[in-house]
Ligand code: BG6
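Okay, so here's just one chain, in structure tokens, the form predicted on its own.
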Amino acid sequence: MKTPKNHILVIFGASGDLTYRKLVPAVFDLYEKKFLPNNFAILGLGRTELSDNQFRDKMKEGIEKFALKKIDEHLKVKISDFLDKLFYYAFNTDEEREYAGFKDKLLGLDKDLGTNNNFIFYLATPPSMYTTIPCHLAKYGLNSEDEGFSRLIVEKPFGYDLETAKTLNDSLFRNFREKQIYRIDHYLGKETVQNLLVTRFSNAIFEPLWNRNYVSHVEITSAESIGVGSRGGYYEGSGALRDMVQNHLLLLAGLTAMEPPALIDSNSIRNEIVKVLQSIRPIKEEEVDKYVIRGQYIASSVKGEKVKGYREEQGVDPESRTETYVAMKFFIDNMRWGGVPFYIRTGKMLPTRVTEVVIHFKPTPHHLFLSHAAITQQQNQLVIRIQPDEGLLLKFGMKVPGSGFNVQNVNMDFHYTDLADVYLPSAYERLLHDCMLGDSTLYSRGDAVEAAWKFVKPIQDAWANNKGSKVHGYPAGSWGPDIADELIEGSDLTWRYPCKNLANDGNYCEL
């Protein structure tokens, strides 16, 4: 990993949970690995009144809890040195006139530390501030790159629908150029997500098969084993479609289905992702029920313990129709994927936490082992596990030892944990470091965000306009509504289930 230029990372909302749990621990891991420049600082901003030392004490606690390394005496010294690079400034980020004091503080630090007018502004704030803060920064000239760089990191959600996404983009573009804006999606920081490109484009055994001639269907799953917990109030206004499908899963689909880029650089890769998103066949509002299943977890027993249903969670409307599960079928209308169904699903309170892409290959055209019906139903699969236990799994048929031609499916797998001497950065660590280097490859571009929202819009409209559309209940600890299996085209085909239903069968997971 390269060393970035000297700079200051400015975090708006620095007294919040994201900074405490993710951002500062990730930056410390970069510091500990010597991936940061010599002249570097974090300036935390917020309305909460904190001194530099109070901010440092809070961040020290976050580092000790959430940094990747176990804390020993050597790391305690490192933490102490790192904390000296942390500063805090309290002001009302809504008020334009108060940015004068902030600018003075920032430029004073820049002069003292020799960071050469290089600034990264991270918006770890509520989305309502995504238009306000960049506007105030621009009015005080902090968007200028005349003497150094000025970059803006924006957390999701990037709007709540197509209209608000366009409004947000228009607002950002009035003050910052696209190359200065980094829309962060932590899923794209996963090592295995990036390995999708390498698996496809550096291996002659995969790329020739990665098309409609050899692939029967593609399946993308992002499952969570927890419910909404104390976030019920937030989740009521979001739901799985906004929270997961529009961003994480459609971007994974874009990476999985994209054409080979001309170069391995930000523009080339992101151009190809946008082409995929723009090629997804629109789902008509009147056909949403045919292609999209939405569900909501209900009370159940998981491993002998009673679990609340979604409507019983704190902050949730007792008659809520907010989806905690979405399964969907769509098609990508281009030369590579014409006619190949893509299936995506996500949900809360499923049997396990797992994110994976599964390439289902077509069966052989001539079945020599027809007497073995089971094997003809089990197509070859390439499983790309994003999280946890990152790795690859290839499923194929092998002869069982002994007389005759008895066949069974076997697994050939690789786990990143097998590379004991290789350091795997966390998602935020990788993405923050990329922004420091000015590499936006793994960040969402404005046109990609709008293309994803454009595809999702008819689904949102159908659910909003048709109050009779079904929300299927599914027991907590199961794999969602049974009706989702009917989305999968083909006789005896279903979703891949890496784990059994905990509500019924106990715990077993495969990679």
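Residues carry their position along the shown sequence, with the first being 1. In this text the structure is predicted, and so the values were computed from the model without any measurement.
A second form of this protein, the form predicted together with the named molecule, is not displayed here; the remarks below concern that form.
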Exactly one of His217, His248, Arg311, Lys85 comes within 4.5 Å of the named molecule in the predicted complex through a heavy atom, and that residue is His248
The named molecule in the predicted complex has a heavy atom of only one listed residue within 4.5 Å, and of Leu431, Leu137, Met244, Met328 that residue is Met244
TODO: Report whether the minimum heavy atom distance between Arg353 and the named molecule in the predicted complex is within 4.5 Å.
DONE: yes
Residue-level question: is Arg294 within 4.5 Å of the named molecule in the predicted complex, judged on heavy atoms?
no
Task: Arg345, heavy atom within 4.5 angstroms of the named molecule in the predicted complex - done: no
Query raised in the report: Should Gln387 be classed as touching the named molecule in the predicted complex when contacts are defined as heavy atoms within 4.5 Å?
Result: yes
State yes only if every one of Glu96, Lys166 and Arg174 has a non-hydrogen atom within 4.5 Å of the named molecule in the predicted complex; otherwise state no.
no
Testing 76-84, 333-341, 107-115, 181-189 against the named molecule in the predicted complex with a 4.5 Å heavy atom criterion leaves exactly one stretch, namely 181-189
Taking the named molecule in the predicted complex and a 4.5 Å non-hydrogen atom cutoff, the residues of 211-246 making contact are Glu224, Arg231, Tyr234, Asp243, Met244
